[in-house]
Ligand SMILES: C[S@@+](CC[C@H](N)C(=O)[O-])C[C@H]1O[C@@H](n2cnc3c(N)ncnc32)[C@H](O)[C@@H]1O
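Coming up is one lone chain in structure tokens, specifically the form predicted alone.
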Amino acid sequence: MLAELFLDASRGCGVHSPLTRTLLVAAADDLARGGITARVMAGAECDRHGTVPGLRFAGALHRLVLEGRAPTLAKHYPTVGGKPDLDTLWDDALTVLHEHTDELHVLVTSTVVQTNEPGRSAPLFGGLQTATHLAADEAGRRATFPIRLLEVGASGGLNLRPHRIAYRVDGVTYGDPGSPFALDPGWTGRPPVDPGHNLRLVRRAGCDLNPVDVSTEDGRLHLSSFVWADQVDRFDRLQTAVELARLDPVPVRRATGPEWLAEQLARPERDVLTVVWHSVVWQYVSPADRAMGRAILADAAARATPMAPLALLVYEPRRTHTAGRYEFQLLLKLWPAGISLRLGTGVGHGIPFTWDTAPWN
């Protein structure tokens, strides 16, 4: 039932976004009563959980606010200088829903949720440092390997330049100290290797079923609309990441993950560590594509050598031993070394993050 999916999405907001939670709870009630939300969401009644229709609904409203076309609602949205009044939020949202029903319907039914959260570059940076150091140790190299970074589900590609960010931790700056993008990664602990070494990314590429061109205003608005509107720090971080991406473009190809990976991993690349990376995309991938992707990666892993190593680095939610609870884990596999580690845990947006290395079984 669509209303249940809205309520499920509202629970995902938790205490992190009272505005989005309030909006989705009210919209779920309106859906159940056959109100205007049902017209906006027409055709989405059978959407599966992974398409997150509630967040598409919230994102469509946010986009109108960002474009300056919903002033009644904008006064509640901190991303445009507003201050939420949760008691009157839904009444003002209803005005916008009635005024822009058809347009909101098009936005909701023609888009997919894409947060492309640049905060995930912080655990990625530490994971890449770990991978290249371990690969060098296994190969008996004094210098670390340069890295070829391949991102599946890259969206707008905002996490394809982790080496170009300044990570400021307790008065120490890692990464690129001259970067226009400075980030407090919120680390507890540190990676299992020294993150102060120069991280060399010699090639970068990404794929996505629905790539976002962040060099355009439409692309920036698309990604911005999916940031919860009362999380101004995240919103500002996204804008800075988009500007960095415009200065350092990395095209994202429209392709399925398995199709693209098969091409990219067709042959080992000597003297380079190839890292396959993805973050918070697994839930959106079909079971068939998951199985195919695993098979392609296993085939490439069998061809890896100490001087042409391969790594899988992922940041995805995993169910813990506590019933019904998920946590986001940074996981690393390295071939042919056979190393398999859980490097730490964090929140969905990558910040904060706790480094705690243990075997990944």
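The numbering used is simple: start at 1 and walk along the sequence shown. Since the model is a prediction, treat every value here as computed from it, not as a measurement.
Keep in mind that the form predicted together with the named molecule is not shown, yet the notes after this line are about it.
Screening 216, 210, 110, 198 for any heavy atom within 4.5 Å of the named molecule in the predicted complex leaves a single hit, 210. Residue 153 is the only one of 191, 185, 153, 84 with a heavy atom lying within 4.5 Å of the named molecule in the predicted complex.
Interface membership of residue 96, defined by any non-hydrogen atom within 4.5 Å of the named molecule in the predicted complex, is ruled out.
Taking non-hydrogen atoms only, residue 255 approaches the named molecule to within 4.5 angstroms in the predicted complex. Contact annotation for residue 90: none of its heavy atoms lies within 4.5 Å of the named molecule in the predicted complex. None of the heavy atoms of residue 74 is located within 4.5 Å of the named molecule in the predicted complex. For the three residues 159, 280 and 285, a heavy atom within 4.5 Å of the named molecule turns up in the predicted complex in every case. In short, of 243-251, 228-236, 117-125, 173-181 it is 117-125 that has heavy atoms within 4.5 Å of the named molecule in the predicted complex.
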